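In structure tokens, the next block holds one chain alone, the form predicted on its own.
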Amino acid sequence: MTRTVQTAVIGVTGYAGAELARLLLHHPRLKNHPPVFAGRVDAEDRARGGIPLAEIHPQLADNNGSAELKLEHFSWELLAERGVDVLFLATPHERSREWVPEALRRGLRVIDLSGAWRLTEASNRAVYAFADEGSDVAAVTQTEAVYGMPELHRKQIASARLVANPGCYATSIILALKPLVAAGIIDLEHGIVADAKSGVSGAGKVPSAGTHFMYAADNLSAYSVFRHRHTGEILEETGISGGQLVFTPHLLPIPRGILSTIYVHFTKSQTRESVAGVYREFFAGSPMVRLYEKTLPQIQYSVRTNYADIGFDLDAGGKRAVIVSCLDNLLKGAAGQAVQNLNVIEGWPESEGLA
């Protein structure tokens, strides 16, 4: 018999938090066990028992009781009273650095959607400038963290107490590159160029001068060149060095979705079948990756799904390839992958509630 699992979500007010709530509310294994939603609630809203979820995200209201759910004021005591087993954090990096050690101390399993615990190397974490960097608590907590990409770390995730959910750009590029790097067919000395483009929701819900409509509409812009936070994830998970990769993110004038175009050289000539064979073997048993062997993926095919779509084409001599990788930054790049990790942790079918 499947055990009852009680989840909690902190950070439901954001874009990824809303998608996470939607997925958990409709997950077949969590029927009749909706998440506990917790966060910062002022005194006036506390007096009415919290903020109705339908006021925060009207699209989540249905006729099955979700309209009665509320965002309650966060406390560790609340989570204990509700019997929470698995805690999802859709919180800023700094908040996750503060709360994860305490959650682990209290026996909770944590799936953290922030970048707080993704990176094992201090040189890669430096871009975040964490205030607790170098502390004993941070060092011990980091040893608990498993990078939450099931296609790479399924076995470790299953027994992890802390799953560090990957970044959206990182997911699209790692899944496209890792099989080829692992097979030893990429000429790394020629270098790899990853030219990635994301919809505006990738920047989060808080507006900025670079993401409001008048700037983003009818525009395409590069940003964080040579210093994007997801670069360290790509390096650590593929095993390539910083000098072998140029990763440039761009802002697309669309709400959601990522398309990464990746340029590689091979050590020797390849055929379409040989490259496809590498991907097929690597992703055997990975239900959330779709390989496009005859066409190239597009954002419109993967948006609002939890699929990572990968396609490629070769030059006439088979020595160069262009790889195209698409996903929804809020699903496979965030909330969907988090639920995929929940499925792995609980031993449920990996795509349950997602496909």
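Sequential numbering from 1, following the sequence displayed. In this text, all values refer to a predicted model and were calculated from it rather than measured experimentally.
Beyond what is shown, the protein has a form predicted together with another copy of the chain; the following relates to that form.
Though the partner is left out of this view, Y263 does reach within 4.5 Å of another copy of the chain in the predicted bound form, counting heavy atoms only. Taking the partner from the other structure, another copy of the chain in the predicted bound form has no heavy atom within 4.5 Å of any heavy atom of E236.
At least one heavy atom of D62 is located within 4.5 Å of another copy of the chain in the predicted bound form. Residue contact check for R280: none of its heavy atoms lie within 4.5 Å of another copy of the chain in the predicted bound form.
Proximity to another copy of the chain in the predicted bound form, taken as heavy atoms within 4.5 Å, picks out 193-201 from the listed stretches 108-116, 193-201, 82-90, 271-279. Residue M214 is the only one of V140, M214, A129, A122 with a heavy atom lying within 4.5 Å of another copy of the chain in the predicted bound form. Taking A103, A160, L259, L180 one by one, only a single residue has any non-hydrogen atom within 4.5 Å of another copy of the chain in the predicted bound form, and it is L259. For the three residues V246, P255 and V289, a heavy atom within 4.5 Å of another copy of the chain turns up in the predicted bound form in every case.
Within 4.5 angstroms of another copy of the chain in the predicted bound form, the stretch 307-326 places a non-hydrogen atom from each of Y307, D313, L314, D315, R320, A321, V322, V324, taken in sequence order.
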